[in-house]
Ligand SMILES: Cc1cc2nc3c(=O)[nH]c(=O)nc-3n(C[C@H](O)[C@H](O)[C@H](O)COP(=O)(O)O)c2cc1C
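Here's a solo chain for you in structure tokens, the form predicted alone.
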């Protein structure tokens, strides 16, 4: 099958064992990306507030609603971060979503200020009282999850070792201006950022696209598509996946209708079509145009117009 993903790549083999931790971290963070950012507020036993972002973070359960983030030990000396120290004393956190409008302030909050310094103040963010937990919320964040900590699972004692802070959401605050008609956060209004490697971030609202989930139905699969299309120069894996995600091949009447429409548009064409002929290329371009417009059923019917082997 031909597509835009090279199948003749040369791979550099890499074994993390024996590598410097900083090198391992750099490769992992650059490859596993983008990662959502959690802006986490905590308090210690003395009531001192800490605020820090973490990109080792995601949602892991809906019943119960569970978020997990990982304040890893510092690579340089294996020391723990204030967030982890606070969680061990007061097992409560508020996890905030980070929109693009806050990314510079959130980055500032990641600086290693001495213990007892309030990053809310340093970053110029506003603390609001929480409803169910002791740590305050970040007023500027449009989504705030109040959580109780269920467990802290250390993954090691060396520098770079993670500590999974498993949190159950017990209360949430969702800004009305980022919700859609169904009361769900709209990614365009939320405009969340994500971390990549080094100093790089990505912005979700900058390049949004949808991919229908195949678990809504059982797609027929790429293997059910015509062989000529799978082998067509210029075909992409995304287009094959999009068509293969449709439930079933078109019936004979739809194929015939598509063929007649194509003949009417190209009366000078040579029929029957054969793979590699100019007419086959024109057919492929029309399939591309239909797919780009979202007319996938029409594109699929056209893909099944009979195409013979190259002569």
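Positions refer to the first chain, counted from 1. Just so it is clear, the model here is predicted, and its values are computed rather than measured.
Beyond what is shown, the protein has a form predicted together with this ligand; the following relates to that form.
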Checklist outcome for this item: Per contact check vs this ligand in the predicted complex (non-hydrogen atom within 4.5 angstroms), the hit among 280-288, 265-273, 249-257, 49-57 is 49-57
Item to check | 223, 176, 77, 112 - the one with a heavy atom within 4.5 Å of this ligand in the predicted complex | outcome: 112
Checklist entry - Of 230, 202, 107, 121, which residue is found within 4.5 angstroms of this ligand in the predicted complex when only non-hydrogen atoms are counted? => result 107
Next on the checklist: I'd like to check something about residue 137: if you look in the predicted complex, is any of its heavy atoms closer than or equal to 4.5 Å to a heavy atom of this ligand?
Outcome noted: no
Next on the checklist: Considering non-hydrogen atoms and a 4.5 Å limit, does this ligand approach residue 71 in the predicted complex?
Outcome noted: yes
Checklist entry - Do residue 83 and this ligand come within 4.5 Å of each other in the predicted complex, heavy atoms counted? => result yes
Checklist entry - Can any non-hydrogen atom of residue 37 be found within 4.5 angstroms of this ligand in the predicted complex? => result yes
Next on the checklist: For the stretch 126-158, I need every residue with any heavy atom inside 4.5 Å of this ligand in the predicted complex, listed N to C.
Outcome noted: none
